[in-house]
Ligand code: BMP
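Single chain ahead, by itself, as structure tokens, in the form predicted on its own.
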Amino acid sequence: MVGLIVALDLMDKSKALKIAYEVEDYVEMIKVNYPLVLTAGLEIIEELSEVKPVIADFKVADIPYTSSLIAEASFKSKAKALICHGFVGSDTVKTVLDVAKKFNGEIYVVTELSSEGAKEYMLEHSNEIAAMAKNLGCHGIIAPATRKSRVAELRKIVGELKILSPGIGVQGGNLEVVKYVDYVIVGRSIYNAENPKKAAEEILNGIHRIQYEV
């Protein structure tokens, strides 16, 4: 069954925690990015992990040594998973994966972003990045719901690896990607909604409707 991940790209710790508790019955995991961590501190990961497992979406993209320090800090703060860019090469990805193993954590590799700019440079090597993630033994990839055909192609490459797909809602992503992914990531359409709980419930119901039609 395809799950829902809420992305809390906020700069308000209280609001982030409030929304996390409001939507906990409808989401499988919580994704945090730099805006929240830079304003609330790294400890927000541990606080949110008391609600649901947390993915640290730091899109790690540095040399292996520096990347290993980011991974270490993330997992020590109780992150369940870490997102790493794939374009930096296999040495960095392998390094953060080695750190993850020490904490029984997971690594998800960005193949291409959900934004239009990803078409300029990332798209050309996206399939190669996906194959690398599979060959290294990563836990999954990040693939854009804004380009359903690309997600379908990436599924063929990664096989049983998990696919997490952002871009639904404000970015205009196609919910039909649930036919190819394991999790859908939604941020603004939930946390900016007048009723985040209801928004999460409606999105999850939409996911299930499409999934059961397949």
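Just count from 1 along the sequence shown to find any residue number. All values reported here derive from a predicted model rather than from experimental measurement.
Omitted from view is the form predicted in complex with 6-hydroxyuridine-5'-phosphate (BMP), to which the following refers.
- Comment: 6-hydroxyuridine-5'-phosphate (BMP) is not present in this chain, but in the predicted bound form one of Ala79, Ile107, Ile142, Ala133 has a heavy atom within 4.5 Å of it, namely Ile142.
- You can rule out all but one of 124-132, 110-118, 69-77, 97-105: in the predicted bound form, only 110-118 has residues with a heavy atom within 4.5 Å of 6-hydroxyuridine-5'-phosphate (BMP).
- In the predicted bound form, 6-hydroxyuridine-5'-phosphate (BMP) sits beyond 4.5 Å of every heavy atom of Ser49.
- When contacts are judged by a 4.5 Å heavy atom cut-off, Gln171 counts as touching 6-hydroxyuridine-5'-phosphate (BMP) in the predicted bound form.
- Proximity of Lys179 to 6-hydroxyuridine-5'-phosphate (BMP) in the predicted bound form: non-hydrogen atoms within 4.5 Å are absent; the residue sits far from the partner.
- A residue is said to contact a partner when one of its heavy atoms sits within 4.5 Å of a partner heavy atom; Lys59 meets this definition for 6-hydroxyuridine-5'-phosphate (BMP) in the predicted bound form.
- For the partner-free chain shown, just Asp9 of 9-26 comes within 4.5 angstroms of 6-hydroxyuridine-5'-phosphate (BMP) in the predicted bound form, judged by any non-hydrogen atom.
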